[in-house]
Structure formats: C-alpha cells, structure tokens
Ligand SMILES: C[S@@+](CC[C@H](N)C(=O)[O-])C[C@H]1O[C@@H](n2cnc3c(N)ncnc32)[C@H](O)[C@@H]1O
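Consider the single chain below, provided in structure tokens and representing the form predicted alone.
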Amino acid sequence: MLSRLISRLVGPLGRRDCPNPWRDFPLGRQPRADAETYLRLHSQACAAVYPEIDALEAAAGFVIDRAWMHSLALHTQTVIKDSALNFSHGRVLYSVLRRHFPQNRLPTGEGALILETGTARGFSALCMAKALADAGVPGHILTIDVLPHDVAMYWNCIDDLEGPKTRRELLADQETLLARIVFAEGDTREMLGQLGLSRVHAAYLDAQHTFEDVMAEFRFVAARQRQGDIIVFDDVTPGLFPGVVQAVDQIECSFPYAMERIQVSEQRGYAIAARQSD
C-alpha cells in the first residue's frame, strides 16, 4: 500500500515538459578523466581510515558490507573534485538505520518511510535501502533532487567513459534495492509542499546547505515524526557549511531532539537527531 501511495504522489512529479537546465548535461558534456584516474582516486578513498565511524559501527553493532559499498561508490561517489573523496556517509547511514529500526518495530502492516533530500547519483539512497533490506524491514526511501532520473547525461564518474547514461542505467545492477526507492525530481522546497506525506520515520538531509533551507526541511520532517524517529544531517562542518552547523545547533536547543555529532575530518561531519517526545 505504501508503495502505491508514494508512486501516486511522486510519479507524475518526475516529468518536466518545460526547459530545465538540470536536464541539459548539468555536470559537463564529456568525461572528466580516464579510467586510471578514477580507479586511483577510488583506491585512495577506500583506504581512508575513520576511527569515529569505526566506533559508531561498533556501538551500533552493524557494519555495511564494505565490498558492496566500495563497488557502489566507484560508480556513484568517485568523482573529480577539489577536495578529498569521502563516502563515509554510507557507513553512517547504514549503521544508524540498522540500530534504529530493530529497536523501533513498526506496527504490523506499516512500512518505514525514509525521506532524503539531495539524491545526486543515488549512493546514499541505496545504502539506506540496503539497511532496510538487511534488517527485514518493509519500507521505501523517497529521495528528492533537481537532477532527473531518466535523462541521459555525464555524471562525472567512471561510467562516463561508456557515454551518457540515466541514473536508472547507472544503478541498473542494484535492481532489487531500487524497488525500494522512489526518485522525485524538482526543487526540494517545492516538492515537499506537493508530496502530502503524513509520516516520516527517518530522514537524511543533504540538499541545499543554507540555514534557511535546512530549517525548512527539518520543520517539514519534524511535523511528521514521533518519539524515537530520527534525522541524519550531512556536512555538519564548521568553517565549510556554517548554515548547516547553525541549524543543527538551533534544533538541539529549541526542539525535542537529542543530537549526536560525528566529526570524521575537517571536511566532513554528521549529526544524528533522535526525537525525544511526540
């Protein structure tokens, strides 16, 4: 029932007949590097060590299949950028969700709804879908991004060497998990106002990084959560994303959420907010 409801709400919103710059090769019109470069960067990123996330996994008691995650990251997270590659959020999301759902059993017949803002290539959505699948929890991830799902483009990844692909084609080997994900195309604030969601068991907020945008997304989610539900914030990094940090600080002070922070590097930090009361 949840799957049909989400498809009814979101399916039509993924189609755009008017001109849209995000559908016209927004990430470039040719590959940015050769295979050797992407593979070298990927190897370096896979070798990175993050003691803070090791500790999170140990405390949670759940660890994502590292080989599976690294394979997915080669196609969705290994990109040409100025800063060091870091796809540790896949580990964070998996462990946090596995820790959360066995302790928060859903009523019989109710599926989990996880809302994500900022789909990009789909890495985080798939890591969350895997957490649900491995936990044996029914449910779906509803993920929103301005980037389309079914328009071929270059993605700044190793797959670009095979020519433009849609996101659906980029993730084709994850068919089973993709059945748990609904991809919505559009501006986050506009989309949230159209979805008609009444319940959000968990959320991962990683779209626009201004204070106003983070707070708008948070307020939408918080109005649809109950005691025990969670929100994960990405890029809670002082100096780089002050708007996100400011929003997380205000939420901790002014709303019924307990905040757990994880700083894994100077460029990457996370916060996990757990609802304390209805």
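The shown structure was predicted, so the numbers you read here are calculated from the model rather than taken from an experiment. We number the residues from 1 along the sequence you see.
Same protein, other form: the form predicted together with the ligand, not shown, and the subject of what follows.
Between 179 to 187, 94 to 102, 107 to 115, 195 to 203, the stretch whose residues reach within 4.5 angstroms of the ligand in the predicted bound form through a non-hydrogen atom is 179 to 187.
With a 4.5 Å cutoff on heavy atoms, residue 208 counts as touching the ligand in the predicted bound form. The ligand is not drawn, but in the predicted bound form it has a heavy atom within 4.5 Å of residue 123.
Heavy atoms of residue 147 reach within 4.5 Å of the ligand in the predicted bound form, making it an interface residue. Of the heavy atoms in residue 89, some are within 4.5 Å of the ligand in the predicted bound form.
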